[in-house]
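One protein chain, two forms: both are listed below as structure tokens, the first as structure 1 and the second as structure 2.
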Structure 1
Amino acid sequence: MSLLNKKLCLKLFLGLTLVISIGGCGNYEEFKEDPSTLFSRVAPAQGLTFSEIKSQVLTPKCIRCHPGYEDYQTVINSIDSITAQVRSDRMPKDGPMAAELKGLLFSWIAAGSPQGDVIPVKPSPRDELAPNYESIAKNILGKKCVVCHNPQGQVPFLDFSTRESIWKKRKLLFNFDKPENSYLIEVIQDPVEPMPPMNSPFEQLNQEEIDVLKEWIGLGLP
């Protein structure tokens, strides 16, 4: 079912006092269980903007492990997956969210996940894949590594969430003279146990990303 369809279904469902038939609403059927716990205590969705959702839900509950959620477009691209993960309490990883917060998030999603009244920003240099920390952190580490490699994550001893924590591990991870021989590069290309792990939902690095990482290492991690 398309995203639009789901949203329509959910909106329709929210608008109904009597649920006559929501058979056509696919996954959202679960809401039938007890919608009051999800929706009763939340403000009408009209006014909700991305920045409010970010400050009330994503920042306290997700961004520590999913730094990519700072970015509206990244959230929108994963909105189906986010809905599924939060609804089933698989996320946040460190324990379910209060019903109020879930309700807030789902109200915003049901309203079409609007960005709201933000001032359009011009594309920052961080958006382009380039051999500098800002770009690598945003486009590679933040999207595919920090989710596990952070102080509260699965791999706290190999923290990729700050420049300092990466620099501290430089002897283990990098070969500045021969970037292609860096441990980090070997690990992400390991045929048996690559990073991100095969069984995780994160895609392996593509050739362009690997090349930029090597270039970044060769330059001494600028």
Structure 2
Amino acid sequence: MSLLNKKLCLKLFLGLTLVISIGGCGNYEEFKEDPSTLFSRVAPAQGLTFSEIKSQVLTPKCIRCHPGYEDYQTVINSIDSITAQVRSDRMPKDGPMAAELKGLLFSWIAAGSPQGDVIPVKPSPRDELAPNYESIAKNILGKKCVVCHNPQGQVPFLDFSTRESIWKKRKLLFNFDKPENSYLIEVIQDPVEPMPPMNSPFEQLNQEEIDVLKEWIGLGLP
């Protein structure tokens, strides 16, 4: 092969390499493909349960900013978002998740996201929605609010992660004499920009949840 032909071949090879690299970077940033395509390269892990995933992955890497991920159903409802964020290294915020932890998480998802061995039990009164902080924190705030309203979240100045932090903002958030006029209730029921935001992965509060919140406010936040 002549020297000229060798130079032409080298230029062609370098050009193709550049195109492939640019194309690959674009897909990485935008994450347009179905997250399920990740699992074709992951072997489902038999026996891997939610408690193990929470212990090894969610608790050290996610729950400090997403306390709702303590709950299995909340994780399942957000599984596509979790997959996309972890795969693209946008989450965790403090840096990309280690490859072995990614593999563990994606293996669990590929296996069908099993919760584990669950013995059905009748819910106790403590698990039912009631006008007290413990119930509201578990059933409403922890599932639909605290993911953003926490000291490290998107709205740190309105921290809903503890009763003390909520109490500090009582003059802004609550009208104890007329709970239906509370700023918190007005924001939740805003017809244009309700909370949680309509484009978030969280469902809007239903009427029962709003009524219990009003009752809780009227009782003075017990």
Ligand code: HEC
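Numbering for residues begins at 1 and runs along the sequence of structure 1. C-alpha atoms forming the largest set that superposes within 1.5 Å between two forms make up the rigid core. These numbers come from a predicted model, not from an experiment.
- Have a look at both and say which one is the form predicted on its own. It is the second structure (the form predicted on its own) rather than the first.
- Cα of Ile82 displaced 2 Å or more between the two structures, core superposed? Yes, because once the rigid core is superposed, the C-alpha of Ile82 moves 2 Å or more between the two structures.
- Query: After the core is matched up, is the C-alpha of Tyr133 off by 2 Å or more between the two structures?
  - Reply: Tyr133 C-alpha, core-superposed: shift of less than 2 Å.
- Item | Rigid core superposed: Met91 CA moves 2 Å or more between the two structures | Yes, the C-alpha moves 2 Å or more.
- Following alignment on the rigid core, what Cα displacement (Å) is computed for Ala110 between the two structures? On core superposition, this C-alpha lies 6.0 Å from its counterpart.
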